[in-house]
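For reference, the chain that follows is the form predicted alone, supplied as structure tokens.
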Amino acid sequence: MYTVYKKQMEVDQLETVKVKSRAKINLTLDALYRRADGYHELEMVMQSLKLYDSIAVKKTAQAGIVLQTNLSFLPTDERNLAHRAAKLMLETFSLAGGVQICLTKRIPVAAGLAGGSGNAAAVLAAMNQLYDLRLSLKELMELGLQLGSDVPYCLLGTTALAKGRGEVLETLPDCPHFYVVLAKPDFGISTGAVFRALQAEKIGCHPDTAGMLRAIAASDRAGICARLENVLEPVTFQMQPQVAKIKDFFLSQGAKGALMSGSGPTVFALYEEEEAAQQAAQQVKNAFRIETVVVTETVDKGEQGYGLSF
């Protein structure tokens, strides 16, 4: 039913599965209207990055979930999506024993990069392999949606169009390669607060999603950069004006394009040359005195995904 990519998932003799959980950015983010269930109807073009967290999931004879992480401030109980994903799998399929999860974080936390959602997706995929459950991608996505709206995309990865809450997904042609600079200010943003403040009916200019899809299909880097747009920016910019200043700084320093990812506060900038990306990273770090600045790259289908079929 599925094939495991060796680069993405490894199984050793100790019944441990090792996975990569990649960061994502939004090339577009549109909110069409607020639905009757309280969620917004979304339309987004998503892109996976080389930046990843490492996760190892191991079977244990003792029941329960033990989560270890390299960041002392991260919760290791049910407040952590990776823990909740493991609990969901154990309970849904009445799996014997428990699991030990070792999570090495590299993706900035609470950054609009789907780090937590990606961790949950990785645990779902790892336990699917570890216990030989043979669940399809669609089945895992349905489970993942119980954990968060970005989890289904994180299972699919690469370049995709997301609709609904984010769970209605269409794989797109690979985005042309970019070097990506991620700059996360030293504060967080509440995704819930941003969406509560968003007045979808008053959005005057929506992203040109159709144009973005054409640009990606044509590998038109200039067309992609010209169509970067996120309707959450005005809300987050009002809450935290520094986010807008970081975006403007990138553009003033020659970025091909720049945008806030998700509800923020991370701003990403796109470059065609690695040297330009590295220079921009140092410039934005110095200008705003922020520690969390990362240079990474976009990935294509050969590097992303858990090898699952629908």
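Quick note: we count residues from 1 along the sequence shown, nothing fancier. None of these values were measured; they are calculated from a predicted model.
Quick note: we don't show the form predicted together with a small molecule, though the next part is all about it.
- Of the listed positions (230, 158, 80, 129), a single one reaches within 4.5 angstroms of the small molecule by any non-hydrogen atom in the predicted bound form, namely 80.
- With the partner omitted here, the residue from 113, 212, 180, 175 that has a non-hydrogen atom within 4.5 angstroms of the small molecule in the predicted bound form is 113.
- Partner contact region in the predicted bound form: 105-113, out of 86-94, 134-142, 220-228, 105-113, criterion any non-hydrogen atom within 4.5 Å of the small molecule.
- Contact check for residue 203: no non-hydrogen atom falls within 4.5 Å of the small molecule in the predicted bound form.
- When the small molecule is considered in the predicted bound form, residue 198 lies well away from it, no heavy atom lying within 4.5 Å.
- Contact annotation: residue 117 falls within 4.5 Å of the small molecule in the predicted bound form, judged by heavy atom distances.
- Not displayed here, the small molecule is approached by residue 74 to within 4.5 Å at the level of heavy atoms in the predicted bound form.
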